[in-house]
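A single chain, nothing else alongside it, follows as structure tokens in the form predicted on its own.
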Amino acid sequence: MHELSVCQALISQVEDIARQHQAEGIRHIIVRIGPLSGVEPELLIQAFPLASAGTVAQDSQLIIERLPIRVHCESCGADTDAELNKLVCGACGDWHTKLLSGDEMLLASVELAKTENSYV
């Protein structure tokens, strides 16, 4: 389960952000994951309580936004959504495509708790 190590790296990044902003805690962590990233969102959610235990993110909520697979067609020039294991152009059906997105895992945002009633 490499999602635990991915989650530990995520927590480390979030701790750095909290430290830079002198935050007392973290409310929400939003991560965007594409289906070709190699990370299983469900396993990441399961690993989160273990990875965040004892950190400033311990009481935070992990929110995952799933990204679509997008391709650029080198034949017709269209940018379209594609399916997993079927990276063909949605406009003309050609297979000469270039992956635009869907293989990423991004830390999109972090809501920090500066004081009990003040959030960043």
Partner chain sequence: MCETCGCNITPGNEHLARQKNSQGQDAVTVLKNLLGANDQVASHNREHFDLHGVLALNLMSSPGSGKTLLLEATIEALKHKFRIAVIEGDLETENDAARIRAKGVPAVQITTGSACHLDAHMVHDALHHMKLADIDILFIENVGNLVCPASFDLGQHRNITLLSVTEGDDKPAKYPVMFRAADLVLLTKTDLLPALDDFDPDRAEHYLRQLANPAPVLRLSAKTKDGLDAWFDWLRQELLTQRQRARHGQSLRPAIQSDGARMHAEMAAHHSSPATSEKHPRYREA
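Residue numbers count along the first chain shown, from 1. Fair warning: this is a prediction, and the values are worked out from it, not measured in the lab.
One more form of this protein should be noted, the form predicted together with its partner chain, which is absent from this view; the next part is about it.
Among heavy atoms of residue 81, none comes within 4.5 Å of its partner chain in the model of the complex. In the model of the complex, its partner chain sits beyond 4.5 Å of every heavy atom of residue 75. In the model of the complex, residue 32 approaches its partner chain with a heavy atom inside 4.5 Å. Put simply, residue 87 is close to its partner chain in the model of the complex: some heavy atom of it is within 4.5 Å. In sequence order, 61, 62, 63, 64, 65, 66 are the residues of 61-77 having a heavy atom within 4.5 Å of its partner chain in the model of the complex; the partner itself is omitted from this view.
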